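In the form predicted on its own, a lone chain appears below as structure tokens.
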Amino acid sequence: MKKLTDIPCTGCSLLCDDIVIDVSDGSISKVYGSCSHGTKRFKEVLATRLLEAKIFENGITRSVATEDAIDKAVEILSSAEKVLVYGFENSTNETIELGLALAEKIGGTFDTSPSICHLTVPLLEKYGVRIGELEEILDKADFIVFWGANLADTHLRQASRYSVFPRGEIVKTGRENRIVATIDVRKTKVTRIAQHQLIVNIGEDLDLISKIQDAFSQESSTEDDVAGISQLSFATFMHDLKNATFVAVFVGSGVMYSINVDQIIENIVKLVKSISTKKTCTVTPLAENLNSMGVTLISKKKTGFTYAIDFSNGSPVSNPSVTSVTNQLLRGNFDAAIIVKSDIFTHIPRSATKQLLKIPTIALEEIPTLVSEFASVTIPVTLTGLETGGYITRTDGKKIELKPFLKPPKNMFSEEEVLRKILSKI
């Protein structure tokens, strides 16, 4: 048995790099330090993974060699007029760059699953607000705000490892010297650790942001209830906010369910900018998937856009109301699709799903999904972080290098290798 230390966990976008793993006879026997998401990733994925490449043709599914499946994928992509290149939120940074290169080469559309990162990153750049790095928050932040973030469902170790409980360089006693506030439309499990539990009336986030801005700027507080929050609760929240030295705001996917999500996120960023004039204040989007931040930042750097990027006219264009995967599927724009480690059927409406089922689809996947079940070509790929390495961008924008520790099955490639082969043959 071999004990491995400091292994990065690919269970979520926190990429906790303190995991200890016992490896015996080429398999994982024990995992130490991970949350349930991480343990599931390390242990269950090995038992459920895809092992055979398959082609569905003339109503029959047959197992084939991986190289034959790649050749069939090349045939489909080469003969198509407009291809959807989708996914990559669970892939390495290197794979994301190849996906963008493929979409550009064949004049397709590059898109990925909905993410808070898509909306937040351009606004941070626009207003000159920086993302809070997790280690800096651990060391220095004495006021933590979780806005629309239910960590108990998404990022299980966020509070225990990076923000609330640990002792930092400046905040030496950890939890005892940190104030925690949750802002949400309902109580969640994370509100149990918060001194300030602000339950906002549905649709009134903007009103709350405006009142916080006014109270912070004018050094006074409202005498009325705010967005369903009592005057007393709001006043005590503002008192602690004003007395803090380092405010770290985490924006979660709960905000995405608001009708006016764009306005809410923009006003949160503007509020952070305003608070930053008097004290340190950062905002960090809590990425929904392993590399949602990576696919957002790389797309922005390469094309100027974060999602729904269309290359059909040569230069990248993004107008989500026109170029998003759902809108283009509903208009019947695509005649082929390649989906990389993303269960698109859970991200788009059923009406768009029906259109996707009408076109040949190529799936690069680790485990069985609805996409791999219905795909014309299914190509199994190696397990990222376990069998193959590369870099993933953590939810705060920091690049983390993976440390693979298992050998993949014979004749199985990573999605990066598969895409390189496809690109070389088109």
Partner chain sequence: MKNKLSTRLTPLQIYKLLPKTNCKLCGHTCMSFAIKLLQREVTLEQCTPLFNDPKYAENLKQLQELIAPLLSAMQTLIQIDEDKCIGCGNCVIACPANVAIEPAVAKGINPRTTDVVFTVEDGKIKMLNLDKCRRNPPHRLNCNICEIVCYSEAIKVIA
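Only a predicted model underlies this, so the values are computations on that prediction, with no experimental measurement involved. Numbering follows the first chain given and starts at 1.
Separately, the form predicted together with its partner chain exists; it is not shown, and the next lines address it.
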Note: exactly one of Ile106, Leu138, Val272, Ile209 sits with a heavy atom within 4.5 Å of its partner chain in the predicted complex, namely Leu138
Of Met238, Val255, Leu77, Ala159, which residue is found within 4.5 angstroms of its partner chain in the predicted complex when only non-hydrogen atoms are counted? Ala159
4.5 Å heavy atom contact, Arg192 and its partner chain in the predicted complex: yes
Is Asn177 near its partner chain? Define near as a heavy atom within 4.5 Å, in the predicted complex. yes
Is Val20 a contact residue for its partner chain in the predicted complex, using a 4.5 Å heavy atom cut-off? yes
Partner proximity in the predicted complex: Ser424 to its partner chain, non-hydrogen atom cutoff 4.5 Å: no
Out of 49-57, 361-369, 393-401, 32-40, where are the residues with a heavy atom within 4.5 Å of its partner chain in the predicted complex? 32-40
For its partner chain, considered in the predicted complex: do all three of Arg331, His347 and Ala375 come within 4.5 Å of it, counting heavy atoms only? no
